[in-house]
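Just the one chain here, laid out as structure tokens, in the form predicted alone.
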Amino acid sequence: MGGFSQAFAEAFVLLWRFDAQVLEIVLRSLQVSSLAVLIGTAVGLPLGACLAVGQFPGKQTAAVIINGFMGLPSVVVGVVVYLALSRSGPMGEFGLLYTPSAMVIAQVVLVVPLMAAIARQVVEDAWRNYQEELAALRFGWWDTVRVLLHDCRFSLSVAVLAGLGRAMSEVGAVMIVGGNIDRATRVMTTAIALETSKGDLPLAIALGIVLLVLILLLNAGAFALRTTVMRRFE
């Protein structure tokens, strides 16, 4: 019990002193996940909106696939991205394996289906309400998608926050493609796993506290946005 208390005490000391190693790992995690979510937003939200508005053969099948990919195992994504970026893979010539760029790619693959599935549902609900008005205005397919994305921007912010939470809490894929290299590709989740296995509990606990606080803040932000949107349309 004494060792447990001491580990927590040392972890809080690291946080209080803004330990350089903790700060470096946290900043790298935020950089990688933020870039992945930025790319995921640019791809996932329009993709979800197109699935909601578009009329084409296989639309329901595509929606089922997107929903199914929301639960993609991160280790499977890691292996696929690893094979694509390895020297013998189709993207091996770029030398991206074991770099932050590889971690961003893996996280993009994970967050795009999640964001697209949420966007599809949100935009589909709005499309049912505005379909007649948009048809009367003779809006084209892409104009309709653009207008609905703008109209649903507050609700879609929840999808962005959900994607960021998914990216930041992921460990399997970034461990495989990033290699968990010190001062290069080590992020919060991979550092926690490594330091726990090494027995360096204070650092693992400090990073765990930061990660938990960030995830709680994201969930609080998503809840606040959802509440604001619901009140707006009451």
Partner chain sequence: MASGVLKRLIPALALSAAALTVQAGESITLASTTSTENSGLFGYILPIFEKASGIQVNVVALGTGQALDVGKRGDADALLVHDRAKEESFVAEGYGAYRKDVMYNDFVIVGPAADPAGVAGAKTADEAFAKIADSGSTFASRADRSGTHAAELRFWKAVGKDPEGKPWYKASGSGMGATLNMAAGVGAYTLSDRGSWANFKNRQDLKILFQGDPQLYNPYGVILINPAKHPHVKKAAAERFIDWITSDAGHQAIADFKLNGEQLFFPLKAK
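Numbering follows the first chain given and starts at 1. Here the rigid core means the biggest group of C-alpha atoms that line up within 1.5 Å when the two forms are laid on top of each other. Here the structure is a predicted model, which is why all the values come from computation and not from measurement.
We do not show the form predicted together with the partner chain, though everything after this point is about it.
- You can rule out all but one of 161-169, 194-202, 46-54, 60-68: in the model of the complex, only 194-202 has residues with a heavy atom within 4.5 Å of the partner chain.
- Using a 4.5 angstroms heavy atom cutoff to the partner chain in the model of the complex, all of Pro100, Ile181 and Ala184 count as contacting.
- The shortest heavy atom separation between Tyr82 and the partner chain in the model of the complex is within 4.5 Å.
- None of the heavy atoms of Gln131 is located within 4.5 Å of the partner chain in the model of the complex.
- Although the partner is absent here, Val32 sits close enough that one of its heavy atoms falls within 4.5 Å of the partner chain in the model of the complex.
- Once you line up the core between the shown form and the other one, the Cα of Asp19 stays within less than 2 Å of where it was.
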